[in-house]
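A single chain, nothing else alongside it, follows as structure tokens in the form predicted on its own.
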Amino acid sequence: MKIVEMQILPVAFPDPPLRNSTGCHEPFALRTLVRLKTDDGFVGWGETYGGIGPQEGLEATRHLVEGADPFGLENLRRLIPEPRTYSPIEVACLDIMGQALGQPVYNLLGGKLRDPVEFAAYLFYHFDCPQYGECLTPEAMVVQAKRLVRDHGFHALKLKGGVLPPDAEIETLRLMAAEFGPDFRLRHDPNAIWSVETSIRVTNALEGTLEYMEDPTWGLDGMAAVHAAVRTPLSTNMCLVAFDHFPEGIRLQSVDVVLSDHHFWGGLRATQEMARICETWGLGVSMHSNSHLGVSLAAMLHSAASTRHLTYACDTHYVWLEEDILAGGKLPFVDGHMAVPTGPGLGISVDEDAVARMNEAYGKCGLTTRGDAEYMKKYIPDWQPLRPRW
């Protein structure tokens, strides 16, 4: 078996004006799909970040991928050392391998350890939008959280913070804790926008309220300083995001929990390797999410199902997605969980007409990179992406 065709398909799809520490989501989210076809007719799908950079990185590997054996993943990983480029290729190859063997991807990764997979809802402050109105106050965030819990049954809630002044975000989380009670797990993610001093103050103010605080300040050194002054566990998907970050992060005791993300760790097998290192050093593991489509979600589900050391519910942006590329539409949450696809490969069917529409939308939307800070100027003309802001 060999790969005879590699398609690189940039796509764009609607995204609400969600706030973060950098600025605001643009009207379209960008992703890049990889479609591999073999000489015996199997088609495998992968997905990664959007924009011109990922496209160029993938295009540079075409001569390595076309003609390769999809079962020869170690050779491809050797030839494609950039993890974010290799990851969607690995997922597409695993999809092909599973179809050829009649096995779901989780069996190729060692077998299924959990099903369904629990997720934590991603809560965002946001500007006015047709679907949800405006959410820019602590009280409005409680309304948003209640809607997501009602519609999808979540028992873990993650607030994308670093948007309102710190005391307003403290109030937001206290209101949520009062509304949902001790059985709900709350997380806060200010995306490293606070100083060390502010991070310590806010984290200590929320002690006993949070499951963990994610990336309150910048860098391994800053996180280590916060860690030494608080009791609440600290998590990251910003300061420890590669294998060579582990020695310094462990030496400094910067974090307690690492958020896996197969897109930038280098695929599903690399995620298992990362989790084994975390288990060895007594670090917890959750799973990071971004604005993504169903191919990435399916890969996340197979990864979560087969990664032994996954100690927290996974994050998900998926509730904000209006239209997916999966045949039959979006995958459902039930009681805050999602079932792992059991069919061969990723166990999904991609609607290629939907892919074509999103590919056309990419060409028309005028975006080639993500620019949250620049788009924020539509709402606040003199906006600057400061770090730290508080």
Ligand code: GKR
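Nothing here was measured: the structure is a model prediction, and the numbers come from that model. Note that residue numbering begins at 1 and tracks the sequence as displayed.
From this point on, the text means the form predicted together with ligand GKR, which you will not see here.
Peer 1: So which of 309, 84, 112, 317 gets a non-hydrogen atom within 4.5 Å of ligand GKR in the model of the complex?
Peer 2: Among 309, 84, 112, 317, a heavy atom within 4.5 Å of ligand GKR in the model of the complex occurs only for 317.
Peer 1: Taking ligand GKR in the model of the complex as the reference, which of 289, 271, 99, 172 has a non-hydrogen atom within 4.5 Å?
Peer 2: Spelling it out, the residue with a heavy atom inside the cut-off is 289.
Peer 1: Which of these stretches, 188 to 196, 126 to 134, 218 to 226, 140 to 148, has heavy atoms within 4.5 Å of ligand GKR in the model of the complex?
Peer 2: It is 188 to 196 that comes within 4.5 Å of the partner.
Peer 1: When the contact criterion is heavy atoms within 4.5 Å, does residue 237 count as touching ligand GKR in the model of the complex?
Peer 2: Yes, residue 237 sits close enough to ligand GKR in the model of the complex that at least one of its heavy atoms falls within 4.5 Å.
Peer 1: Can residue 122 be called a contact residue for ligand GKR in the model of the complex at 4.5 Å between heavy atoms?
Peer 2: Contact with ligand GKR, yes.
Peer 1: Heavy atoms within 4.5 Å of ligand GKR in the model of the complex: does residue 158 have any?
Peer 2: Residue 158: yes, in contact with ligand GKR in the model of the complex.
Peer 1: Determine whether any heavy atom of residue 95 comes within 4.5 Å of a heavy atom of ligand GKR in the model of the complex, and answer yes or no.
Peer 2: Outside the cut-off, so no.
Peer 1: Within 14 to 44, which residues have a heavy atom closer than or equal to 4.5 Å from ligand GKR in the model of the complex?
Peer 2: 20, 25 sit within 4.5 Å of the partner.
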